[in-house]
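Take a look at this one chain, the form predicted on its own, written out in structure tokens.
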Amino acid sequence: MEMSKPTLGFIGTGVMGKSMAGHWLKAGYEVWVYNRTREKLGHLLELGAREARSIAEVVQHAQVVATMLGFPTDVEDVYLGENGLIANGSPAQLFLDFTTSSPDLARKIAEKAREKGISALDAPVSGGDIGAREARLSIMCGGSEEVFNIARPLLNVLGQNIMHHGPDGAGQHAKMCNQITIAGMMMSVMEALAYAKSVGLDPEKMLASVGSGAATSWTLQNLMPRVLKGDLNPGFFVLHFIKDMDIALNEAEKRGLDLPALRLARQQYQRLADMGYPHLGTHALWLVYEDLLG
């Protein structure tokens, strides 16, 4: 495989995927794109992307194929389905899955890929729509170190903190650590805002003070300002975060590990979804606390 300038494929051009594929295009790569909803390809086609009408057509043209999908069921279908990537793939191709998915599924995909001489890397990302747009993603990779090193130049175009965590599935485990951290942090940030409002503090001033001290975090710096402006649009969907928490809780249960903070966050996000907001951003958790304030 000639990796200096391989032809690339990108499947799943939603909130984050469209920016990631766009960075590859702007870096001078030929990129074939596919999305179930064709309307989401418009901007990328304007940038010069080539449109594929099927998963099979993507893998027919591209040496490296990346995916950014919603749920493990989507990942399984795209990779392992009858018309999927592995069924249509060829030896020496490289598959990169940026989706947050199951570690077990990542291992299964890598095993099936190797049977056909294909390399696979699980490479979930963190940073939301902002990180994707600004090419500042944290990328957590699982797979062989050799494959990681081959993929590294492409990953460098998309992120700033790129780490190899171990064998197949290790990237997904690292992403679970990320989501566990965010879950607890998001609750604490929203509780701080609820407290500030209940005692009559100016939320903007509170954010300025807390955000410059020991309590500062990415969530506080990037998502709280959106909440204060009433902008609850998704950088990452509530329903996808619930999916991630379920994966983490399942993996923890397998190991006899109790994660009470994560369980509580999962309950709060389910409450938000039940209120009718599964397609808002994760920071829309504020609506649960706002409801409690009355």
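Because the structure is a prediction, the values reported are computed rather than measured. The numbering used is simple: start at 1 and walk along the sequence shown.
Below, we turn to the form predicted together with a further copy of the same chain, even though it does not appear here.
The three marked residues, T73, I86 and E134, fail to reach a further copy of the same chain in the predicted complex, with no heavy atom of any inside 4.5 Å. Proximity of G42 to a further copy of the same chain in the predicted complex: non-hydrogen atoms within 4.5 Å are absent; the residue sits far from the partner. Heavy atoms of N156 never reach within 4.5 Å of a further copy of the same chain in the predicted complex, leaving it off the interface. Heavy atoms of G28 never reach within 4.5 Å of a further copy of the same chain in the predicted complex, leaving it off the interface. Interface membership of S144, defined by any non-hydrogen atom within 4.5 Å of a further copy of the same chain in the predicted complex, is ruled out. With a further copy of the same chain omitted here, the record of contacts in the predicted complex names 200 to 208 of 76 to 84, 200 to 208, 92 to 100, 112 to 120, defined by a heavy atom within 4.5 Å. Residues from 166 to 197 that approach a further copy of the same chain in the predicted complex with a non-hydrogen atom closer than or equal to 4.5 Å are A170, H173, A174, M176, C177, N178, I180, T181, I182, G184, M185, M187, S188, V189, E191, A192, A194, Y195, A196, in the order they occur in the chain.
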